[in-house]
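A single chain comes next, written as structure tokens; it is the form predicted alone.
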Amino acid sequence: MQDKQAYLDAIQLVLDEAKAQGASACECAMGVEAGLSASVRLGEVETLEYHQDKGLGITVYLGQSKGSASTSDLSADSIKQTVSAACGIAKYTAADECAGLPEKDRLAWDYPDLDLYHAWDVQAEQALELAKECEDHARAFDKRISNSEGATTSSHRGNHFYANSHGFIGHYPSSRHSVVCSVIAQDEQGMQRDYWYTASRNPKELESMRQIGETAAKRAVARLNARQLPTGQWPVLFTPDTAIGLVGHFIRGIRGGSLYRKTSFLLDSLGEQIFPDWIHMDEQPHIKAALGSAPFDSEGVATQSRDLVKAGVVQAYVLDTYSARRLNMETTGNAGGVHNLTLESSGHSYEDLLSQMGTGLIVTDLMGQGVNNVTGTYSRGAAGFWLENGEIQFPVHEITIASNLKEMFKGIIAVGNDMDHRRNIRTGSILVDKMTIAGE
């Protein structure tokens, strides 16, 4: 990859060229990435991929008319042609009073170093060996592990740049490393698959290959001899990897695009109690080395810690500059998504939640897209485990769980302290008082 100064020079050329071609404002974003991905299956090399990418996206404004174009060629001639293409598009687009750059005072003029880059000098041979070791542990864990979908070691690093004609130029490096393993368990009743993965910006914080492989195998074996359930209403416990999706539906409901288009079940929910009064949800974008951290959003707006839900009441929406203007509000620094959105635990351990639920369904896997963001209707295929008297009785599959998201949010009984830190939404298990379970 070229050095950082070469990219900064290319960005400055974009801004200068846009001004020379008559643009009233301009912004550009550049991503420079490189990485390695190595996969094995049944002990044999499956794939080995190197990638090195760069892309420059340019947006210009002619008054309130907007045009965008992109290129991966950073030569001076290519940049001039790309700016010209963006200006040409802007000449034909309708003016939009909400279009334009973020307000100058919202930009991250002084942003922190969040320790997001940790190099991993892993070579192809070592990456393949790690993947093989992980899969070997999974396959040796139990004789019922009959097949494998493979294991993959990945290491990616990048540099993120954003600049605009307010004079702002920001950039930061980042890394993300992961290992994933997926295996198939089989007995006389049939086959079940499951997986596990680890992810971190720092390779030293990845789980061991033994831990990943054995967890994947344990999860697959536990799903054997799954049954259906009779239809009825029962409490439902979402484990962290499925609870993340539940929180994600709330975020989509308060996202600016859904709100100004009036396609959200949470219209006009600001100041409304959506959750029980003990629920607290906040955004923490400056946690050092966390996977969801960022010093500024994809528009250069400074990120900051803030409450989204306090005492169960919606405190703020998730807005970029355009949606904020459509709603007569201010951007919340969420162009590109949320940053370390955290649902605070009620202090219960996973075991506490099982005991509190007593009898009901543990959901470990969700299928299908049966969630309506306009009405809040929720209906998805699910798999997991049936619980009685606080003890797991048997695995469950081929069922559907259904309710309405507002009812589910109001019906949250507890949130576990078993928080999943592998994504930009962070939550423990979520216990919901009741849902309709459709099975036999």
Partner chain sequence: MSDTIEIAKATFLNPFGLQESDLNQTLAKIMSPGGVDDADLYFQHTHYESWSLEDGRVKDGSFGIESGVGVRAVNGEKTGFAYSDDISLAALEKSAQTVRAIARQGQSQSVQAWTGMQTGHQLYQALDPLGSLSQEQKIALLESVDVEARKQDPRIKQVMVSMASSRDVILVAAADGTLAADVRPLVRLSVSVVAEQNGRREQGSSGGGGRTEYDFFLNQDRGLEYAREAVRQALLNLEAVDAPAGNMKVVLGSGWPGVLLHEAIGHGLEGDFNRKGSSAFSGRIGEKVASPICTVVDDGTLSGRRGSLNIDDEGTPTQVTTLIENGILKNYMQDKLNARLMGMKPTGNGRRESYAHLPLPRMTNTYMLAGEHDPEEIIASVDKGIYAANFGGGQVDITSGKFVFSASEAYLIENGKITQPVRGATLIGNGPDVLTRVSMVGSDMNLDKGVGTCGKDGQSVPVGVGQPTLKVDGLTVGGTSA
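Keep in mind the model is a prediction, meaning the values are calculated, not measured. Residue numbers count along the first chain shown, from 1.
The next section is about a form of this same protein that is not shown, the form predicted in complex with its partner chain.
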One residue of 304, 263, 225, 359 in contact with its partner chain, assessed in the predicted complex (non-hydrogen atom, 4.5 angstroms): 263
Residue 349: touches its partner chain in the predicted complex, heavy atom cutoff 4.5 angstroms: no
Residue 282 within 4.5 Å of its partner chain in the predicted complex, heavy atoms: no
4.5 Å heavy atom contact, residue 399 and its partner chain in the predicted complex: yes
Interface membership of residue 97, its partner chain in the predicted complex, 4.5 Å heavy atom rule: yes
Interface stretch in the predicted complex with its partner chain - options 386-394, 410-418, 22-30, 52-60, non-hydrogen atom within 4.5 Å: 52-60
All of 48, 184 and 403 within 4.5 Å of its partner chain in the predicted complex, heavy atom check: yes
Residues from 65-79 in contact with its partner chain (non-hydrogen atom within 4.5 Å) in the predicted complex: 66, 67, 68, 69, 70, 71, 72
